[in-house]
Structures are given as structure tokens and as C-alpha cells.
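One chain is shown next in C-alpha cells, namely the form predicted alone.
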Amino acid sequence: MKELEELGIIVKENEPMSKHTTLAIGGPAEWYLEIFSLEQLKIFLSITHSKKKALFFLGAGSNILVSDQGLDGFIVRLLGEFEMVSFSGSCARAGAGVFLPTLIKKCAEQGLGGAEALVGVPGTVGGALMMNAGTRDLEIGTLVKSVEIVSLQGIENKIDSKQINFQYRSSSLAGSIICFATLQLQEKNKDDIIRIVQEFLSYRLKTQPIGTLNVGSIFKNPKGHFAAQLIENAGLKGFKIGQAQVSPKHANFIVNLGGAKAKEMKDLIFEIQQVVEKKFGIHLEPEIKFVGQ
């Protein structure tokens, strides 16, 4: 790995993934890397492509549950150049590593609105695009103008939004190495944007377990239903297995009370699915991604 370090890439062996996930859960990554530029990324891909090792791109560490046994292969975090946001007219070009709340703030400073509802989504642009993240008010896919990706061979490609299939909590970008995305926004009054952002944040503070170790929503909403309501009606609000607990504040959140293991989280998720299906005949599909298990 010396040749990667000489490029300025940070390389760590057996790095605990619990340090890099919002649940603070996850065993050691065989190789954890932080890459700071597109050029570094392309060289990394050219060097490692022949090694036939697993490759996983990590965003903010939300929406994933990493195995207690850890992960094989390369776990890559895109930082530096991939955390930059630039503007052209009413468009924002954001790197895959940009934290969504940061993007909303930067857009507001430019007098660009339309993305305010995403301020409470605890992830990065890259991860959000993979799963078409959003809220009941807005999904990121509706804002996309184009996405820039790179292949495993280091070939760059720009994809128009018309070529991307965005669906509820999924997109055809899954499996791609996303580098940048251009979003189409709207020119608005800065004060109005900030007011709307504050309203969304205030609502989130009232209804979600902010300040706890969680990954956001655990389950997708079944058609015609809200997962949180089904879980609450099943009497599971506050239910826990070990140190994993269904949030007493929002039933579609599971929180790590401290020292929870991935197995406890999985067992609790399975228990919720079983109880809800038995009571209401509805299968809850996880929104969270299980990594390394």
C-alpha cells in the first residue's frame, strides 16, 4: 500500500468501522482509505483493479449496518475535492462526499432553494443518489440534472438525468462510482430559504431521536402506510434487544443505547418484521443496507 500512500491517499489497515458509521457499529475494515481527488481515485482504481478485492464506497456511514466481523477488501471514503460545491446560475455541482445538510446551507447562501426538505437527511450526495434518498416532501432524484461517474477502469462518464431511473429508495446508479452531481435548483430569497430550512429542522428535532446513535429510517414505507405507525401500533415503540432499541420518539428509528452489536440490531429488525407481518399482514422492507453480512 506504500504506492497509494505516496500519492497522498490515507491508508489504514484493520480500521474499526464503528468509528465511521452513525450507529457506531462495525468490525475492522481490511483496508480503509481516504481519497482526496479524482486523479488519486483513478490511479487507485488502476492499481487495485487487478487485485480482485471487494470495493465499498463509504459516505457519512448512515443507512448502513456493518457486520461485527468487519469487511474484507477496500473501504473508500471520498473527501477533499469530493467535498466541494460550486455554482453556475441556478445549478449546484456537488462532490459525492458533500454532507447533505452542508449542501443545503451552501445553496441557501447563494439564494438557491428547492432542496430544503433534504436538510434532515443524514448522508452524503453520493449515498443519497444511490438510494434516491429523501423525505415525504422531496427525493433527491427530482433535482438531478446530471451525474459524473468513473468506471473501475478509471474512465469518466457524465450521465444525463433522463438516463437515470430513480424510484422510491432506489436508483439505477447503484453500483456506480459516483464522483459529482449537478442539481437544478431555483433562485429564491435567502431569508425565505433559511426560514424553510429552520422549519424542517425544527420538525425533525420534535419528531426524530436527534443526538442518538442511529442510521435514520430503518424500513421503507409500504404502499399506503407509514412504517413508523405500523411499528407503533404493533406495540413495539421502546422495545429493545440488548443495547438496540426501537426509539421511543420515532418507531421507524432504532438507536444504539451504547455498545450494541450488529447482531442485536439485526435481531431487532427481524423481530419488528415478524410482529408487524403477524398483526397486519404487511411485510416491512428494510431501507437500511446490511454490509458484510
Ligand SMILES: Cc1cc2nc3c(=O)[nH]c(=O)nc-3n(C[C@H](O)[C@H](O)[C@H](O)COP(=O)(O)OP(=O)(O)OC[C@H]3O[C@@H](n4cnc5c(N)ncnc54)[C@H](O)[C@@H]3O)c2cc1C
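Keep in mind the model is a prediction, meaning the values are calculated, not measured. Residues carry their position along the shown sequence, with the first being 1.
The next section is about a form of this same protein that is not shown, the form predicted together with the ligand.
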property: In the predicted complex, the one of Ile178, Ile193, Ala92, Ala115 near the ligand [non-hydrogen atom within 4.5 angstroms]; result: Ile178
property: Proximity to the ligand in the predicted complex, single hit among Ser171, Gln208, Asn221, Ser146 (heavy atom within 4.5 Å); result: Gln208
property: Per-stretch contact check against the ligand in the predicted complex, the hit in 181-189, 102-110, 128-136, 195-203 (non-hydrogen atom, 4.5 angstroms); result: 128-136
property: Residue contact check: Gly26 to the ligand in the predicted complex, 4.5 Å heavy atom; result: no
property: Gly141: touches the ligand in the predicted complex, heavy atom cutoff 4.5 angstroms; result: no
property: Phe56, heavy atom within 4.5 angstroms of the ligand in the predicted complex; result: yes
property: Contact of Trp31 with the ligand in the predicted complex (heavy atom, 4.5 Å); result: no
property: In the predicted complex: members of 91-125 within 4.5 Å of the ligand, any heavy atom; result: Ala96, Gly120, Val121, Pro122, Gly123, Thr124
